[in-house]
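So this first bit is one chain, no partners, the form predicted on its own, shown in structure tokens.
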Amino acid sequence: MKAITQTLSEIVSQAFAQAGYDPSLGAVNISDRLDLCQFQCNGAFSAAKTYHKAPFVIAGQVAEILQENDIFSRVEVAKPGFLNLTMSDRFLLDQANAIAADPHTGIPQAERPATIVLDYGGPNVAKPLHIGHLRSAIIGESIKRIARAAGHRVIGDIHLGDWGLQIGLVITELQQRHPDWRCFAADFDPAVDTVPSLDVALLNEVYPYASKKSKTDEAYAQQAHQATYELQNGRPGYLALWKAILQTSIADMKGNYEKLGVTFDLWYGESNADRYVPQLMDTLEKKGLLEESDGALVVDVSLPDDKAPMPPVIVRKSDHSSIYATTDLATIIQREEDFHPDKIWYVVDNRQGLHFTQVFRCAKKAGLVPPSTELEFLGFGTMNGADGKPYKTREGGIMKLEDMINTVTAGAQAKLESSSFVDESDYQDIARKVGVAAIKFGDLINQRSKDYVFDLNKFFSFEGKTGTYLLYTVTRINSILRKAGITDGQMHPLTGVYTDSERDLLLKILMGGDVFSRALAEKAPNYLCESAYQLAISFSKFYHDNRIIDEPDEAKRQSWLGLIHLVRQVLLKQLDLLGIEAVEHM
């Protein structure tokens, strides 16, 4: 189904052509002044320059043609040449009924579906997930769902940090604590020997201890670097221990991500790209891109029009080890060979912008992907506390993601204590969904690239732009439909428009396709958040202005029930695109 502005643009473009003007002038936009009109076309201003006529005259000629079309209730020309359009109620109803019947709920489908690899998440194994991992996970999940909803093939990859120094630190510390483990023996035989079982609590304690110790103990740090080197060069015992670390750590991560409603198609990491590093280095050498700098190998990625110095990208350090740029470039090779993607998007902290600029330029320069492949950095801002600094616990530490989920669940439980609609058996599940919705919407409502203040009290409010308010709106609609005896499969067609608030609600529904298209184009879930909120506000006004269940006019009552059923359908779709689970009651 087309977005409403596309449908209208085609009609207005035909009118421009019929009046003797370029049809491309007929682009229609949602009005900035909904109190004056619903939609607007400003093509007469561009036409005036080409055809040497006053914009008001051109707009008047086009308006005269459009007035003959019964989809418009009003077509007006406002000086100096704005073409103001208001739809007929019949057209609004037809479009709304079409959205209700559309399997995509009015979401425009891509004309040329693309294959997109979406890189988001990016945690390190052997370390607990913390609140700093939240934004990448929930923004990436929403962008994945948005792109898929348009018909694109999207492959979500967590891209674990599983092959670097943090693993060497864990190995070193475990070896000091348990020197008798067979995995540390020089003659370790993977066919015979085993690795002791590990648990998350042990890993969560070992890594921070080892990391802190390495900063003050030079010999210890060297041991960790040596362990990393031997792991990456295939020492059997270290590889066996590394696999055990991965198995334990990933199982814990999956549990926490699932509670957030975040999933990945691939649980690949830097280790999966390691075998592509020789191919990368060979390609760079054959193309003459490698340069030596203080014993390291670098690639010059500067461009003549750079306004600031662009440092070269280091692909091999002086000690012959790889770094993030190396594995990121090797990962691009792996993704190209496995998926031939049209686009690769990276949902990463803004502070990594320079790094990815270097990586993308190097990848293009080396021909690791075709020139047409889109490599895009989708940076996000910092989640801050009330003091404007990165969010921390009351003790000053970084909150674990598991603790965050428990905190918001407890906060939701406190909000639900007075509810008479929540069964005891559903209490924990509903509290988790409400808590997660609060933090997800509280994050996603912000422009992706901007910092924002994390305020749980605000996020849990039943009023204002909150996930809690949206869930509450859905449950209110559920309650009305239950009282009316309406089930999901009983969608009544919309047959009339009886009030201004109803007309406004219909218009909000119809605008959803345009909002979705903008959210996809800019990879910006905040547009969907705003759209869902505005729809909920319009529903609330409609609900308070009209007696729905007790309406004596049966035709009007059935149409209104169909309308709120459609509002629920659209809200549920928008919430799903945001990665937010709805609840039946609260």
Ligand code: ARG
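For every residue, the number given is its place in the sequence shown, counted from 1. Quick caveat, the model's predicted, so the values are computed rather than measured.
A second form of this protein, the form predicted in complex with arginine, is not displayed here; the remarks below concern that form.
Q: Just one of F184, F356, Y391, Y472 has a heavy atom within 4.5 angstroms of arginine in the model of the complex, so which one?
A: That would be F356.
Q: May I ask you to choose, among Q352, T382, T373, Q413, the residue with a heavy atom within 4.5 Å of arginine in the model of the complex?
A: It is Q352.
Q: Heavy atoms within 4.5 Å of arginine in the model of the complex: which stretch in 117-125, 241-249, 451-459, 188-196 meets that?
A: Going through the listed ranges, the match is 117-125.
Q: Using heavy atoms only and a 4.5 Å cut-off, decide whether all three of K144, Y257 and Y268 touch arginine in the model of the complex.
A: No residue of the spot touches arginine in the model of the complex.
Q: Would Y209 show up as a contact with arginine in the model of the complex if we use heavy atoms at 4.5 Å?
A: Looking in the model of the complex, residue contacts with arginine do not include Y209, since no heavy atom lies within 4.5 Å.
Q: With a 4.5 Å heavy atom cut-off, would you call F264 a contact of arginine in the model of the complex?
A: Answer no; every heavy atom of F264 is more than 4.5 Å from arginine in the model of the complex.
Q: Since only the chain is shown here, I'm wondering whether V348 would be in contact with arginine in the model of the complex (any heavy atom pair within 4.5 Å).
A: It does: once arginine is placed as it appears in the model of the complex, V348 has a heavy atom within 4.5 Å of it.
Q: Do H159 and arginine share at least one heavy atom pair within 4.5 Å in the model of the complex?
A: Heavy-atom contact with arginine at 4.5 Å: present for H159.
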